[in-house]
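Below sits a lone chain in structure tokens, taken as the form predicted on its own.
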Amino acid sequence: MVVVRRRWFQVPWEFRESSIFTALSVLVGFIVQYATSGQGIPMFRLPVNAVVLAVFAALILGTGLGFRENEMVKWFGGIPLGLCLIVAISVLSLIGGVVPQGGLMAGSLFALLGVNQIFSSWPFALTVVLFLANLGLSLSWRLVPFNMKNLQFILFHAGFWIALSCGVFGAPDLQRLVVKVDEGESSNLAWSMENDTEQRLPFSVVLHDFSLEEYPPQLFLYDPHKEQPLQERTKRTTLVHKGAKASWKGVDVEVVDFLPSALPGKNGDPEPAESKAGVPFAKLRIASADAAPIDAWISTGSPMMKPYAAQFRELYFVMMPGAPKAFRSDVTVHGESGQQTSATLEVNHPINVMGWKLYQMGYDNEVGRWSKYSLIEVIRDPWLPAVYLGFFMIMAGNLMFFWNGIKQKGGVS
């Protein structure tokens, strides 16, 4: 029996030809990227990118339905090319995950090749567009004529096509900006964290109040000669509260009194005060085997008041403020058309206003809970609903896949 080996580029093409085509496509992308001095693909915004995507989808559908018997079209929408393109996208994505994006010196070879901005580079864009064409062609052959048996395939692949295409084509319309608002004032100016450009928003944010909750303060024994705190005997962090005890190399300490919010009184001893104005005070009882116990007040201090420390021999007991537990901003958002929304912004609890999402982002870290301003992140992504639609279609396709598998095994009558 004579085995006839298939010649290179003999129709129908298979994995060998597909891998070569994919490699050449990526190479062409890098050449174009280098020829354009590393500028990357042009960023089209709405409505231009939506029109381009619609024309691209119509072209794929028309080609798939009009030339479905053409051998080259069959290959272009086939599994071998699709798998090769997926591998290429994975490798390029790996490069984008390993190489710091935007971190290379302008004018270097890697920068000219777009390695430092791989997800907006020509090789990545060209590979994704080819993959979308491949996926779209295979999808068109299942859409027409429509058959219920193909519904699971259609839901999964159409959802993947929608999510990927809208995520890529809609990327230029994603806006992530930061608004700095002083307490008692309003602002409609934001800046981009990427290029530090200022932008006027279609609404203004009024900050009524900023508040921050802290975990209990921490107690340390500080050595001024070594300029570092000494480690507690049990090698744990001592959180300050009434009754807390700690030991440092023969020195025992107990917190006999704790005031979460206080201010120095007329005689110097702390007196309870409002949380906005006061600071934590703790009364320590310090004892050792060779000295009588002594009582002393310590405090964390604030931007308006120096901290209290308790001296013991050449060492000092100090109290550091607790780590931030939660911080929030009471705001009112005023739209240009008279809309008004009042809300409390917290971390991971955004609000939706006029197509924008507002997140509590930060504050003045140097003064902590006495910060007079709040940093609010505002995000707008008009393509996000389409991406979500794609994900839901993928989930529906997966559910149908598992359901059909259960029925085939006889689990459901």
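Residue numbers here begin at 1 and follow the sequence given. Since the model is a prediction, treat every value here as computed from it, not as a measurement.
Keep in mind that the form predicted together with protoporphyrin IX containing FE (HEM) is not shown, yet the notes after this line are about it.
Under a 4.5 angstroms non-hydrogen atom cutoff, protoporphyrin IX containing FE (HEM) in the model of the complex has residue 134 among its neighbouring residues.
At a distance threshold of 4.5 angstroms between non-hydrogen atoms, residue 96 is out of contact with protoporphyrin IX containing FE (HEM) in the model of the complex.
Protoporphyrin IX containing FE (HEM) in the model of the complex comes within 4.5 Å of a heavy atom belonging to residue 156. Taking non-hydrogen atoms only, residue 77 approaches protoporphyrin IX containing FE (HEM) to within 4.5 angstroms in the model of the complex. Contact here is defined as any heavy atom lying within 4.5 Å of protoporphyrin IX containing FE (HEM) in the model of the complex, and by that definition not a single one of 276, 281 and 300 is a contact residue. Only one of 142, 334, 328, 180 lies close to protoporphyrin IX containing FE (HEM) in the model of the complex, with a heavy atom inside 4.5 Å, and it is 142. When protoporphyrin IX containing FE (HEM) is considered in the model of the complex, only one residue from 321, 172, 82, 260 comes within 4.5 Å through any heavy atom, namely 82. Judged by heavy atoms within 4.5 Å of protoporphyrin IX containing FE (HEM) in the model of the complex, the contact stretch among the candidates 262-270, 305-313, 121-129, 157-165 is 157-165.
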